[in-house]
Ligand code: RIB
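One chain comes next, on its own, written as structure tokens: the form predicted alone.
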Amino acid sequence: MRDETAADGQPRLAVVGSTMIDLIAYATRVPNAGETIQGDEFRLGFGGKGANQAVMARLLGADVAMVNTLGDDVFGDMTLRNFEAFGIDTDHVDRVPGSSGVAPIWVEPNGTNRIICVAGANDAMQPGASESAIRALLPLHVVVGQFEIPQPVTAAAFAAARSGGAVTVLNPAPAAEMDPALLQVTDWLIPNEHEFAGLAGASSDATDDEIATFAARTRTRLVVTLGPRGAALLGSDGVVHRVAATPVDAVDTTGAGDAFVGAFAYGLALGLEELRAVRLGVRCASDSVLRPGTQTSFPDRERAHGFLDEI
């Protein structure tokens, strides 16, 4: 068997996905059409579903490589420095002329958020480049993707990952019709409850029967994240297991789903039993909503490592 661990014994992951600069405005309410309101606070942060998931996995200890394309603007420079500060491998992050991705975000007092993603350079990613990057990074335990970059890019990366023995984890967000070629090389699907309802034509309650039916249709393993209700795993035993989240007073839910995916992927790569990996994801996500921001809301390394002992 090949040694897929890093020099420090930690599992090796790659994230093929988006980077965004989050432009976060906090207000007592969101404006109506044509209305201007006074905001309470503004924060500029690092985001993008791919980048967030990479950071969460890295905080837990994984050796993480990012595969992405940035613009030649100041946001691209800032993003590279942020990855380097976390110790994330950026050898396969390309640059192109134009804007990097940005995400204006509105957050209300109860933590509810509304987000507009502008892909920018994320849309310049090419299937050939993502395939080459993954082949160069092999061996890997897990490769993670999302829908904030072109699906053929993720499909090419997943195919290369599968050929090298890696597990593929797809977070189909924002919800979109799924490319059959991408589904064929996806091991795990992790939508949230709203994405699941749209993709599966199901209720927002995500019943056990709906979860089992969707997994059979997509021929994937499946976890549905349920916000404050935790997450539902269709286990290898064919039973839906529900993991409750600890009730908390949410400050900002931005990035909580990404904290789950990054932590769950780390758990799989570490070799945790799948239900423990879900518990780790729920624990990290629940903790993240206690603080404002996206990556800045994630538990630090010491706190994240402590969660491993709790699950």
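Predicted model, so just to flag it, every value in this text is computed and none were measured. Residues carry their position along the shown sequence, with the first being 1.
From this point on, the text means the form predicted in complex with the named molecule, which you will not see here.
Using a 4.5 Å cut-off to the named molecule in the model of the complex, not one of 11, 167 and 267 places a heavy atom inside that distance. Here the chain stands by itself, but in the model of the complex one stretch of 254 to 262, 62 to 70, 238 to 246, 276 to 284, 254 to 262, has heavy atoms within 4.5 Å of the named molecule. Distance criterion of 4.5 Å from any heavy atom to the named molecule in the model of the complex singles out 105 from the list 121, 105, 156, 232. In terms of contact with the named molecule in the model of the complex, the residue from 189, 133, 206, 117 that brings a heavy atom within 4.5 Å is 117. The closest non-hydrogen atom of residue 294 lies within 4.5 Å of the named molecule in the model of the complex.
For residue 16, no non-hydrogen atom is located within 4.5 Å of the named molecule in the model of the complex, even though that partner is not displayed.
Taking the named molecule as positioned in the model of the complex, the residues of 36 to 71 that bring a heavy atom within 4.5 Å of it are, in sequence order, 47, 48, 49, 52.
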